[in-house]
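In the form predicted on its own, a lone chain appears below as structure tokens.
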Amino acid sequence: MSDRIALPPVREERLENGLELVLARREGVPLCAVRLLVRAGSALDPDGRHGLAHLVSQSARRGTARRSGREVDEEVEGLGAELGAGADEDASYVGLSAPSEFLPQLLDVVADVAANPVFPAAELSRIRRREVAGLAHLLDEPGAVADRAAVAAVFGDHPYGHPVDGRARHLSACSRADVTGFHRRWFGPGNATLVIVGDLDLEAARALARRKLGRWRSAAAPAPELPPVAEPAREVLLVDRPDASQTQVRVAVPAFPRASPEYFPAVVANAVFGGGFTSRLMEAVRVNRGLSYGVRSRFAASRAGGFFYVSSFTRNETAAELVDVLLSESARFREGGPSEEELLRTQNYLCGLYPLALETHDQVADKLAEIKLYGVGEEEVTGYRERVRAVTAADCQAVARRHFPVERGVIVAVGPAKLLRKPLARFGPVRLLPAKSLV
């Protein structure tokens, strides 16, 4: 039985205005999924305006040159659809799915929201207040504070070094001129990819896409290439929460961009090390020592770079012991790699799980958009299981030697500084980081 994974037939072309079009016919379920991505994510947020791309994506649907925000909502609901919009580090997205017969209406809404938002002042003000209030609540979530601190510490002044949803003081300072200026500067067909997947006639869908979005014109600048990520100094970042009974811990280090050839060895190595309930870290931290109920590791890769991190939590009194275990297990894996039994079990697990991520039209559309954003090619999907099975124990060990945090990386602890500063100092210079600076 072949390990190959079949994608539906894909047709691609670039329209005269620069828009990249990706069409895939997937029979059986009479639905279609539409995704429009624009290469304008939080990495393009200006200084002092972190969260601007997120704010643009959240407010674009609240009124266009042809529809009010209420009219957009009513039209989408009338199609039995749900309009999704958002941003990440590298791109902004608009997405819809509905019965295939409604594809003309779906494309009409997507084109209008992406190309013609007017950002009504009252709606923009309401969304800005909502987002700022949401950030204030993050201060009550130690895990979220730790995650934000890890990102800031690993990436520093790099464009990836601030959270996608921004900072409260920056969002509060964002004016309507900032929002419209960001959209005008970056949202254009030359920076965009339209993906349509479903039970549809490809030629008819192509003609429809050309009619709905082929007239989109913009003076948007090409999305720039980002610089590589610099290596941060080894240090312990301590976010003081005097009343906390537990400490959130993160250990993080820069890693490779999404299109790196290290991707598949890293997927397998991470799954063995800390990516599941039967992982090395779970065995060492939870089963053998009872330090925490949960621990995980992950490679997070974006277009220009990424990072590897380990996250867990424990009682304040055992925070230093937890960090010591995380680092020692990283060193042990780096020196010995996975056993053949661990490797085979993990490969079987990953290969069995992956097709579940391609069951629906929406999932396939998201995957095709991801392929285009990162430039990795369809072979990454169709050959996924073959590539996973081709990873050797030596490959896993090699990627661990390059990227697992032992003497490299930053350590983040969110908990009572009075109890944590001295025991954590043995891992590096300790720097206090105010929680409010992260939101």
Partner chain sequence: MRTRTPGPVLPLDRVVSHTLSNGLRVRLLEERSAPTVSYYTFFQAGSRNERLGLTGISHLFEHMMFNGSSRYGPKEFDRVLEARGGTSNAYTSNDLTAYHDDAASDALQTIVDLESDRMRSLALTPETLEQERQVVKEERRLRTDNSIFGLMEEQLEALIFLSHPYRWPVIGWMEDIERITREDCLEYFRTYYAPGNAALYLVGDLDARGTLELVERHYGEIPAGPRPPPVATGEPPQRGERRAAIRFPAQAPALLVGWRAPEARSPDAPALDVLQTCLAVGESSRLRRRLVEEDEVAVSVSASYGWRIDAGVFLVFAEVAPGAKLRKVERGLEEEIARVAEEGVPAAELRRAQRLLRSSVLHELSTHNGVAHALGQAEALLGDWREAGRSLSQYEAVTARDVRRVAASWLDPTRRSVVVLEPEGAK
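The term rigid core refers to the most C-alpha atoms you can superpose between the two forms while keeping them within 1.5 Å. Positions refer to the first chain, counted from 1. All values derive from a computational prediction rather than experimental measurement.
If you look for the form predicted together with the partner chain, you will not find it shown, but the lines that follow are about it.
Taking the partner from elsewhere, no residue among 19, 108 and 218 has a non-hydrogen atom within 4.5 angstroms of the partner chain in the model of the complex. The stretch that touches the partner chain in the model of the complex, counting heavy atoms within 4.5 Å, is 353-361, out of 353-361, 161-169, 222-230, 257-265. The closest heavy atom approach of residue 28 to the partner chain in the model of the complex falls within 4.5 Å. Interface residue remark: residue 290 is counted as part of the site for the partner chain in the model of the complex, having a heavy atom within 4.5 Å. The closest heavy atom approach of residue 102 to the partner chain in the model of the complex falls within 4.5 Å. With a 4.5 Å cutoff on heavy atoms, residue 86 does not count as touching the partner chain in the model of the complex; it lies far away. Only one of 328, 116, 175, 246 comes within 4.5 Å of the partner chain in the model of the complex through a heavy atom, and that residue is 246. Of the residues 157, 335, 140, 340, just one reaches the partner chain in the model of the complex with a heavy atom at 4.5 Å or closer; this is 140.
If you take 254-270 and check each residue for a heavy atom within 4.5 Å of the partner chain in the model of the complex, you get nothing at all. Put the two forms on the same core and the Cα of residue 269 is off by less than 2 Å between the shown form and the other one.
Superposition of the core reveals a Cα shift of less than 2 Å for residue 260 between the shown form and the other one. When the rigid core is held fixed, the Cα atom of residue 97 travels 2 angstroms or more between the shown form and the other one.
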